[in-house]
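Just the one chain here, the form predicted alone, laid out as structure tokens.
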């Protein structure tokens, strides 16, 4: 794992001290990360979810995309999850994939933690 990827994971761990971080090195300098649980709420029946993503060896210049959350995600209004979401799988889990590419990201300020929090905030207000 590159030092940059390790630092990104450490920052996430410090921001979510009550969550379990599951980290699997990808063998190329990056890592697969799952943070569980994280607060969800918003329009969903579930109050928490886990979130997973791949931090590649190219971090920080490379975007972290996509993110995955629990596969049983349901809205309180029984509506669909809408655009930017799709059923998928991640690390052997059924997931909802969240497609939130950052086309104008700044590699120096857009950390893995900030990207994860932006994706969660988008999901909470969807």
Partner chain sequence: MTTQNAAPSAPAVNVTIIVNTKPVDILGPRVTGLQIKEAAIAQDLQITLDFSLSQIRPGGRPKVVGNDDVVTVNKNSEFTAVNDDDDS
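If you're wondering where the values come from, they're calculated on a predicted model, not measured in any experiment. Numbering follows the first chain given and starts at 1.
The same protein also exists as the form predicted in complex with its partner chain; that form is not shown, yet it is the one meant from here on.
Proximity to its partner chain in the model of the complex, defined as a heavy atom within 4.5 Å, holds among 84, 71, 29, 43 only for 84. For the three marked residues, 99, 118 and 124, a heavy atom of each sits within 4.5 Å of its partner chain in the model of the complex. Proximity of residue 20 to its partner chain in the model of the complex: non-hydrogen atoms within 4.5 Å are absent; the residue sits far from the partner. In the model of the complex, its partner chain stays beyond 4.5 Å of every heavy atom belonging to residue 9. Although the partner is absent here, residue 110 sits close enough that one of its heavy atoms falls within 4.5 Å of its partner chain in the model of the complex. For the stretch 18-42, the set of residues having any non-hydrogen atom within 4.5 angstroms of its partner chain in the model of the complex comprises only 39.
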